[in-house]
Structures are given as C-alpha cells and as structure tokens.
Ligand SMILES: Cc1cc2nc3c(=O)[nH]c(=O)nc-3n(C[C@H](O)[C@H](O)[C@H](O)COP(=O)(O)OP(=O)(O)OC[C@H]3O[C@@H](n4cnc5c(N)ncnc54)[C@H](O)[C@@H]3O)c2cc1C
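Consider the single chain below, provided in structure tokens and representing the form predicted alone.
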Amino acid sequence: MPKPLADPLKPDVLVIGGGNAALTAALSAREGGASVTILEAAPKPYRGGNSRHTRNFRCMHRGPLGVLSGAYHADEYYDDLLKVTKNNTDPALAQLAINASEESYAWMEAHGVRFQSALSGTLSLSRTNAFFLGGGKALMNAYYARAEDADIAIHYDAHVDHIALEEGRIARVVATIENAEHVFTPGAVVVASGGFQADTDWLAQAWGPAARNFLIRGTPYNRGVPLRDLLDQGVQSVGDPTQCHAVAIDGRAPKFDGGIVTRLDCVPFSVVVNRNAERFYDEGEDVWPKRYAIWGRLVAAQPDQVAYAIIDSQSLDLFMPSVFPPIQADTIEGLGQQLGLHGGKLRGTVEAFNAACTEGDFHPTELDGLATTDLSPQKTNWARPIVQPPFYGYSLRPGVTFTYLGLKVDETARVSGPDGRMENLWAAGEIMAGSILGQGYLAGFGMTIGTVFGRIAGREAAAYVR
C-alpha cells in the first residue's frame, strides 16, 4: 500500500458515507493502491448508517457455505427478487449483485466479519441469509478497525455541503467538519450516503402529509443532501421517490433509530385490522422474508397510518418479538378497548375470521395452504382461529428503512451524468439501490447490494486514479 495521505484535502479517493457500502468501497480502494478519506455525517458513536441496525446479508451459494446450509442457487435467488419487485429491476445489475454475493462472504470474513447460525424466530433464513455475529454494529466496528489499520483517514460529524460537478467530473467536495469549511479535491469520489428518508419534508413532497406519521427505522443522518445536490446538477436519477423499503414496526417505536428491535414479525400468524377494526389485506400471502416489506406501505394507506395485529397465546412464541411487550387481555373485546379500537367491532371481525378458518395442518415455517373460505380479504396460509386466551395486540406504523430514489449507475458502479458516464464518480449502497429494487424488498438484499457495489466502486475508483 502507498504511504499515508500527504495532503489531507487531496486524497486519491474520497468516500462520502459511513455505512457498509462506504467502508467496503474505502477498503477496496485502499487495497487497490489509493489513498482514501471517509466523510461520515454521524458522530463516532453513531457511525455506520443503517448498517449498524442490520443482522444479515442474503448470499447465493452452490453448496453449504460457512453458516449457510444447503444451496441457494442464482436462479432461485433471482426468482425471489422478481417476485417481490414484480419484475421492476435492472436484470444485469440484479444478477451481478446475486452472482458476486458468494465471493463476498469470504471477503467479509477476511475483513474481520464473523457469522453465526440463524437464530430461532428469524424468518427461516438459515439457507439464504448469513447472520452477523454481534449484528450490524459488530460488522461496522470490524470494518472501521480495518480502515484505521490501513491508514484510511476518517472524519466524523462531516457534513457534505456541495459536490461540484464541472465538465463531466467532480472537481471538488465542500464539507463542514467541526464547524469549519473544508474543500477536498480528490482524484475520484464514491458516494455511499444512503437515501433521503430522514428528511421528513422530502418524504412529504413524495407521499403527501401522511409521510409525517412515518417512523424512520434507521439513522437520522441519511437526509439525502449529497443525492439532492447531484440531482440538482443534472446527474441521472433512477427509482420512484414514493418507493422505499418500509416495514410494519411497533407503533411505540421512536421517530428515528429504532432499528431491527422494533420490527414486528407476527403478521403471518395474526389478524391485522385498521383503526376501524377491519381487515384490509391477506396476512398469509407468502413466507415472511419475501413479503414483510410490503406491510409498511399497506399500513401507510390506512387511516392515520396505523394498524393493529391481533394474535392469541398459540402464536406468541412463533416470531421474534418487538422490544416492546404486547398489549394483553383475556377477551378480544377487552383487547380492542385497550388498543383504542371499538371492542365489539373487533370481536366481530375476529369471529368472522375464525368462522372462515378450515381444518388442516398448521406449519409456521412454510407455506401450509391453511386458508380461509368465503372471507374477503382471504387469508391464504396460516389461517388458524384466534381463540386461545390470553389475547395479544400490537399497534403497527410504517417504518421506513431507506428510499429508492437514487443515482443511475452502470455495471462498474460509475454514475451517469448529464451527458453520459461521469469521469470520476461512483456510487454504492442505498443511494443506487433503486436500479435493482424498483419496489418491494427481499430480506438481507440491501446489504448484498452495498457489499457488492461497494467493492466494485472502490476497486474502479482506485484503478481510475492509478
């Protein structure tokens, strides 16, 4: 590797962001012989973007691999992606991410990431998803330790104010660090600063006033400032501003940074109703890893952007619980009253559901075909009567993880500018994931995109400056 950076304002590669994609890009660029500087908007204790809340990444493998069992071939992986995106994806970029995920497992291990077997209650992902030992924060700590060992310069509380595009290239990057303005003139730039979900005003521009009731599962520092700055200068965009990774989370979660522990995985085993105590969608449409990310949007469309999941004691131990305990009552009517619903109407909804349930075998970890009859909307799997007290309820709200409006890139992660490919700008992670995730989400796939395209962007940026 070259000697540490001589001029702190003129790195070979400047990486904007501090999560998985950014650190992966920074380490790859450094290994490619470049001097590297990272600008992370968060203070050091909150570094890591949304990645510090993650648990796993989805990995293709042709046989048992580390903690992953069996095989998860590229064609099955791609089919799973097409189902959740409803074919709204860039096939070339999607297949690139999938095919490179297997090699990424070894790369992550080589950079200090440790894996563990899937925990019980984690959506039956032992074959498809590799879980991080210690979670996303441990993963990010490992990467930052490697970055420090590699003499990568890291600035925290570093807020990018402007990325100056001149004649098809990035000429300079202006950032505020410790209340002072700094002007960087790097050879290449990798932008990996996430989506715009923490900017509630921007969300409201896309979604309308309802967005102000959304909760943001991840970091409050992903406000989309670099994204908006580049889009305002004519850099090509991809994705729909109303599309995002949004899941149903506990309605008691904080506005920001609730993370994985506020997610509710009980929907497949529940009856979900809105504020009017009415069901509005098939809770058993598919296995949870493939369908859970639609529920944020479903709840967002309900009155006051709130819903309620109702289960009985038979289902309490079938899912990973929220950090908040459920509301409990001995009767459905009493539970409804505690949740702020019309108790009698909720009782009627649950009784109608119970009457529509049929005989059959209940299998919580796979599609069991145990469906309702003569009920609208139908529940197509796991339709077991809710009859065994005590009864439990959770309030649900839309929890946005990241938005899909982003920068258009090619298979080398190079950004498309106003007049074609940018000379020295690459993107990785959430800020370009809209090319692959046109809608919907597949559990663990955001980390796959960030890792694969972070490695590509760092490697390509280093090659460019050489």
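Heads up: residue numbers just count along the shown sequence, starting at 1. In this text the structure is predicted, and so the values were computed from the model without any measurement.
Below: the form predicted in complex with the ligand, not depicted.
Colleague: Let me know the one among Leu318, Ile327, Ala153, Val225 whose heavy atoms come within 4.5 Å of the ligand in the predicted bound form, would you?
Modeller: By the 4.5 Å heavy-atom cutoff, the listed residue in contact is Val225.
Colleague: Indicate whether the ligand has at least one heavy atom within 4.5 Å of a heavy atom of Val67 in the predicted bound form.
Modeller: Close contact is absent here: in the predicted bound form, Val67 is far from the ligand, nothing within 4.5 Å, heavy atoms only.
Colleague: Wondering, does Val299 line up within 4.5 Å of the ligand in the predicted bound form on heavy atoms?
Modeller: Residue-level check for Val299: no, no contact with the ligand.
Colleague: Is Ala41 a contact residue for the ligand in the predicted bound form, using a 4.5 Å heavy atom cut-off?
Modeller: Yes - in the predicted bound form, heavy atoms of Ala41 and the ligand come within 4.5 Å of each other.
Colleague: Going by a heavy atom distance of 4.5 Å, is Gly458 a contact of the ligand in the predicted bound form?
Modeller: Contact check for Gly458: no, nothing within 4.5 Å of the ligand in the predicted bound form.
Colleague: At 4.5 Å between heavy atoms, only one of the stretches 203-211, 259-267, 347-355, 310-318 reaches the ligand in the predicted bound form; which one is it?
Modeller: This holds for exactly one stretch, 259-267.
Colleague: Can all three of Ala21, Thr54 and Ala158 be found with a heavy atom no more than 4.5 Å from the ligand in the predicted bound form?
Modeller: Looking in the predicted bound form, the three residues Ala21, Thr54 and Ala158 all sit within 4.5 Å of the ligand (heavy atoms).
Colleague: What residues, if any, in 426-456 have a non-hydrogen atom within 4.5 angstroms of the ligand in the predicted bound form?
Modeller: Contacting residues: Ala428, Gly429, Glu430, Tyr441, Gly444, Phe445, Gly446, Met447.
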